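Just one chain is shown here, as structure tokens, and it is the form predicted on its own.
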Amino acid sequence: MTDFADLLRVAPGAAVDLAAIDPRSTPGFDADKAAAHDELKDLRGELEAFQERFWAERERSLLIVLQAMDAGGKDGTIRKVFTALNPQGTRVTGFGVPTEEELAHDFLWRIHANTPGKGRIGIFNRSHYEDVLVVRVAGLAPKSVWSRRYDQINDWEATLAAAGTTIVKFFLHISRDEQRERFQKRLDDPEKHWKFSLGDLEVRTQWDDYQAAYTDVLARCSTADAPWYVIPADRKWYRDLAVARIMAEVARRLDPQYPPAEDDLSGITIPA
């Protein structure tokens, strides 16, 4: 039986055509929005139970990477799907413009420092892939530099995987029209003005360049150790359901177990 994840996974070495993937499509789901919300609630419960066992077992770690165009839904996905996870064992890290100290090191230095330890779950809101996305499109480094980073990223992710980290990467794929509508809603709502900057408009003019950059990321960096999933994300309810379904499949595959008690607890009664 084919897993749901297989519908959205980028196979290693496969050609990628983002233009052929409809951001409003709902692969693997033909029910309505209400049904999606009901299923999402059940999946969050499953992820909550998984995390408790994962934390107790403390033998492996889990890294989730979220990438998208501006307004693509990274924050919404964290809020709607990963709210199921206990903050004590989960860390969300957002990567913005590198600091002076970070620029003094290799591009993966600041990333590696934020990877999750055993029993923990890390969520990257943007990630090391910015160094082959915005760095490439904005011309922050020459091609001779950023073009080497695909292999460096693959090698680094393989190192994490060999050390016991499961890596799951989601590209939230929205259309240019959907981005425009989301930007306009931010402009129309004074309480969301903080989420918009004039720089977003300049980046929007580079839409095609970013689509080309994402295409290369997906084609060159989806591996057996760290697969990419392209999530049609114009419909927020499908985006959330798809991510939750894939994470539930990952959780079932990992199947963490509670460790045995360190001592023989049989017959012990807590005294009054």
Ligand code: ADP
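In this text, residue numbers run from 1 along the sequence as written. This is a predicted model, so every value here is computed, not measured.
Keep in mind that the form predicted in complex with adenosine-5'-diphosphate is not shown, yet the notes after this line are about it.
- In terms of contact with adenosine-5'-diphosphate in the predicted bound form, the residue from Asn154, Thr90, Thr115, Asn125 that brings a heavy atom within 4.5 Å is Asn125.
- Out of the listed residues Ala141, Val168, Val134, Leu160, Val134 is the one that sits within 4.5 Å of adenosine-5'-diphosphate in the predicted bound form by at least one heavy atom.
- A residue is said to contact a partner when one of its heavy atoms sits within 4.5 Å of a partner heavy atom; Arg110 meets this definition for adenosine-5'-diphosphate in the predicted bound form.
- At a distance threshold of 4.5 angstroms between non-hydrogen atoms, Gly76 is out of contact with adenosine-5'-diphosphate in the predicted bound form.
- Proximity of Glu178 to adenosine-5'-diphosphate in the predicted bound form: non-hydrogen atoms within 4.5 Å are absent; the residue sits far from the partner.
- The closest heavy atom approach of Phe95 to adenosine-5'-diphosphate in the predicted bound form falls within 4.5 Å.
- Picking from 116-124, 97-105, 79-87, 170-178 the stretch near adenosine-5'-diphosphate in the predicted bound form, with a 4.5 Å limit on heavy atoms, gives 97-105.
- Residues from 160-183 do not approach adenosine-5'-diphosphate in the predicted bound form: none has a non-hydrogen atom within 4.5 Å of it.
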